[in-house]
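Shown below, as structure tokens, is a lone chain in the form predicted on its own; questions about how it binds or moves come after it.
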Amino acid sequence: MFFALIGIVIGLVIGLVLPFTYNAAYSLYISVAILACLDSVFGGIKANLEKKFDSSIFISGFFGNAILAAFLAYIGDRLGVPLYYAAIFTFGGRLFENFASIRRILLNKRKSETKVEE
């Protein structure tokens, strides 16, 4: 948890300090890649709560999913077929599933802690 917070702070500082912008033509690819990264982050949080977290799986999924999603969007754009919908439905659905699992795990932990105190 401590390293995650340090990473978030470093990312925020880099994002605020560097004047990096990208061409608006790439916004579709970047948005799909960000969705894939968020899916990996929520999956990592869920795995951590279940005590099954493996950093190599997380890192490979984080970058692999982002690259695959951006590649699907790029190929679909070149072919004139909206292949990015596949990434949106897959990663968007998994994102909500992971969020629901995280919510259930946290609520069950809270209930079990409350029963122990009573």
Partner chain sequence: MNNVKKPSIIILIFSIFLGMFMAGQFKQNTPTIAPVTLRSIQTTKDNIDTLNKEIEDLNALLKEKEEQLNVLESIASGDENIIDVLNDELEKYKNLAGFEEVEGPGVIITMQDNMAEGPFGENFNSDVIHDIDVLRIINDLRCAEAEAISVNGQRILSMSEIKCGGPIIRVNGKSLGTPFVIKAIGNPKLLSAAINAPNTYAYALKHIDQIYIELTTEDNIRIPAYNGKFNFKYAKPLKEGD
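Numbering follows the first chain given and starts at 1. Note that the structure is a prediction, hence the values are computed from the model and not measured. Think of the rigid core as the biggest set of C-alphas that the two forms share within 1.5 Å after superposition.
Only in words, not in the display: the form predicted together with the partner chain, which the text now covers.
Proximity of residue 71 to the partner chain in the model of the complex: non-hydrogen atoms within 4.5 Å are absent; the residue sits far from the partner. When contacts are judged by a 4.5 Å heavy atom cut-off, residue 8 counts as touching the partner chain in the model of the complex.
Within 4.5 Å of some heavy atom of the partner chain in the model of the complex lies at least one heavy atom of residue 18.
At a distance threshold of 4.5 angstroms between non-hydrogen atoms, residue 86 is out of contact with the partner chain in the model of the complex. Residues 74, 77, 78, 80, 84 are the members of 71 to 99 with a non-hydrogen atom no more than 4.5 angstroms from the partner chain in the model of the complex. With the core superposed, residue 9 shows a C-alpha displacement of at least 2 Å between this form and the one not shown.
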